[in-house]
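A single chain, nothing else alongside it, follows as structure tokens in the form predicted on its own.
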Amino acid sequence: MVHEASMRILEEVGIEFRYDEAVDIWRTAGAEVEGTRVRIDRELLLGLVGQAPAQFTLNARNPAHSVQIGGRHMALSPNSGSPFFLDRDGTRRYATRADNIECIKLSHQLSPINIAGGFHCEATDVDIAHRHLAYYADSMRYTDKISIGSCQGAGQAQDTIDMAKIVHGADFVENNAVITGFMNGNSPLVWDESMLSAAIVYARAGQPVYYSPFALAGANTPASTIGGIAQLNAEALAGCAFSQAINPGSPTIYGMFLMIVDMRTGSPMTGTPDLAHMLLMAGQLARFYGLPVRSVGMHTGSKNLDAQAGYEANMNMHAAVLGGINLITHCGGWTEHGLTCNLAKYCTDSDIAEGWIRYARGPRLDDFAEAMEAVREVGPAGHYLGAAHTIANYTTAFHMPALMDQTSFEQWEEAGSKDTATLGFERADALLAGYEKPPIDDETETELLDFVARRMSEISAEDMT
């Protein structure tokens, strides 16, 4: 039903591609074009979508950190794009480049996080025209995990691809995916020039992007979970097909950025059962089309690391994991609907993510025979604390969260009566204090920094003219 509705939206209503080159690409591909309105018949659409790989490798600077995107694989990325940063004393202030570097260093050390590089928070102390250069250069220097690239227009996208070639080698980048980026649509039914011009650069370079309509269900979609999904599915599929019209076979990710509007206040909501339903449907639809899928993870509208933050993050993650989402974004540090980056939540989210990864893998079965032998060894009325099987497995038998306090009240009080936020900040500070920069070739680093300096100078000169 949803598929049929989405096909009819694209065939009969159409979707805006507000960029002349994008319109020309669609016209050449065989779509019906009227101004910037593009109508795509299902045969053309599904033929294009079918050319995208169902699974691909996203290569990190350190091959040990490369990940598979698609199939039965799951990758996690942390917070992105917050303009504000929460200090240890609770002060909310504008974020800086130094804050973003702290986020990169922290993500580099948190094992559940697969994508460490990118713009975790806005470097508001750097000229907005130069930020993308700082983000990617810092990412390549301070982590050897995967990075999210800049997608705000063709120029920023090309700079990102050029820097990737410096770090990974031009030949390797031409034949392998090394970076990913986001394409947020303007629902309802609009893709704009900023996103489209960047998507063209990425697709021609064979680098994947995730086409993610930015849903505020009830405001820019129908006030219906299934009606909203039908519209968002049409938008995401049109984006994925667009990449294939540019470069058939280029890796492409079907995405959805999901929130629901609180009809009482107009504010966005997350972590609700309706949003969970939408996540589950998104996963099913992506598999139906044979596409890797991206959606959201540990979102919260809470301003603090509190019960609301934990509840909403877990509600989203449960649906994302059961829905088979391949790339789950915003899985570290996201508070206040993404407006504020919180290092304590980076660590608690990572702790929770460890549990979700274990949950997704299913129960361990390989020690069943040994466990049954332990039953014979202990017998009636005994205990297992000293059993051979327990001694051999006690550190790995059960998931034990690092930051969740399970002690008695007296023990907790004696240790300082610390709440979860305090424990999270302490963990973040300990990781940052022990951070070691991953090795990078001196000549490569110099070439990268020279490129950044040159492009910053050129961009400033362009602005002046």
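C-alpha atoms forming the largest set that superposes within 1.5 Å between two forms make up the rigid core. What you see is a predicted model, and the numbers here were worked out from it, not measured in a lab. For every residue, the number given is its place in the sequence shown, counted from 1.
Just so it is clear, the following notes concern the form predicted in complex with a further copy of the same chain, a form of the same protein that is not shown.
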| property | result |
| --- | --- |
| Lys303 within 4.5 Å of a further copy of the same chain in the predicted complex, heavy atoms | yes |
| Close approach of Ile459 to a further copy of the same chain in the predicted complex, 4.5 Å, heavy atom | no |
| a further copy of the same chain contact in the predicted complex: Asp419, any heavy atom under 4.5 Å | yes |
| Lys345, heavy atom within 4.5 angstroms of a further copy of the same chain in the predicted complex | yes |
| All of Gln231, Ala381 and Pro401 within 4.5 Å of a further copy of the same chain in the predicted complex, heavy atom check | yes |
| Region of this chain that lies against a further copy of the same chain in the predicted complex, out of 107-115, 149-157, 276-284, 246-254 [heavy atom, 4.5 Å] | 276-284 |
| Sole residue of Trp356, Phe182, Phe119, Phe242 within 4.5 Å of a further copy of the same chain in the predicted complex, by heavy atom | Trp356 |
| a further copy of the same chain: the contacting residue among Arg131, His168, His318, Arg141 in the predicted complex [heavy atom, 4.5 Å] | His318 |
| Contacts with a further copy of the same chain in the predicted complex - residues in 403-424 whose heavy atoms fall within 4.5 Å | Met404, Asp405, Gln406, Thr407, Ser408, Phe409, Glu410, Trp412, Asp419, Thr420 |
| Displaced residue check between the shown form and the other one: Pro380, CA, 2 Å or over, core reference | yes |
